[in-house]
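Starting off, we have a lone chain in the form predicted alone, written out as C-alpha cells.
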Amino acid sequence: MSETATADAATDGFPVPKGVFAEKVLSVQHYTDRLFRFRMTRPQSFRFRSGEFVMIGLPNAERPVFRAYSIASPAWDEELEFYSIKVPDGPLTEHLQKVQPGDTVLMRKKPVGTLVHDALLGGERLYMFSTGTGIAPFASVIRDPETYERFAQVILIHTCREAGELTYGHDLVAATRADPLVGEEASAQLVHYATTTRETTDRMGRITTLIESGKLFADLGVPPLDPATDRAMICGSMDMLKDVKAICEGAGLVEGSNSQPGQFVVERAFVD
C-alpha cells in the first residue's frame, strides 16, 4: 500500500484536491478496442467493502473530472483494480484509457455502493447479473471469503456483445479458482455463465430473454428465482438494470439497501 501523494511533477503541477488520494498506476491490460483494466497502489488508510465503488479522475486540470468506478479488487487486496470501457470523447475515459505504469490517478476517499453483503439477506444462492463492465464489482465480490460463507452457490452471469469482451470474466474466474485464499471454495461453489448477444458463440442470448424463457435455470440445473432461497446483485446497462429489476420483483424478491437488507440489490452508478 502507498501513502497519499502531494502535488508534484506526477500530477502535472496541478494540486491534489482536498479529500483525494493520488495513486500510481502499476499495470495496464487492454482486452479489446473498447475494454481495459488497470491496477494501482492502494492508500494505507483506504478501507472499503467488496462491491463498492469510488470516484476516480486524472490530474490533468485545475478541476479534474471524476466518475464512478467499481473497485474490481477484493477488500483484502493490497492493490486496487479497475475495469473500464474506452469512450473516444468521454470526459474522463478518453484520457484514462491512455494511462501507463507510473502515471498518477486521483481517487476520492469515500467508497460507497449497494452491491455489498450488508445490503442482502442471507440465502442459498447468489446471482450476480452483469453486462459489459458491470462485472467489475462482482470481480471483487467473488474473491471475498464472506461470499462463500453466506451462500452455498455463487452464480456469475456475464453478457457482452462479442466473445472478446468476455475475456476479462474468463480470466477472473480462472484466477479466483486458483487463488490461495478462496480457490477451494470458488472451485466448489462458483458457477460462471457467459453469453454473447451479437457474435455467434456456443452460448448466446440477452440476460432477460434467458431468464424469462427459463433457459438460464435449465442450463444451470436450478429452479426459477425464489425469494425463499435466492438473492441477486445487478450491474450493467440502464435497460438491463430496469428489466432484471422488474423480473426480480415479479418473482417476489424485495430490493435491499445498506439500511434495510433485502433479496436483491441494484447498482446505479456509471462511468462516462
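Residues carry their position along the shown sequence, with the first being 1. The structure presented is a predicted model; accordingly, all values stated were derived computationally and were not measured.
Not pictured, yet referred to below: the form predicted in complex with ligand A2P.
Candidate site formed by G132, T197 and D243: every one of these residues places a non-hydrogen atom within 4.5 angstroms of ligand A2P in the predicted bound form. Residue heavy atoms within 4.5 Å of ligand A2P in the predicted bound form occur in exactly one stretch of 48-56, 219-227, 25-33, 205-213, and that stretch is 205-213. Residue-level contacts in the predicted bound form: of K86, K98, R161, K109, one residue has a heavy atom within 4.5 Å of ligand A2P, and it is R161. Within this chain, D239 lines the site of ligand A2P in the predicted bound form, having a heavy atom no more than 4.5 Å away.
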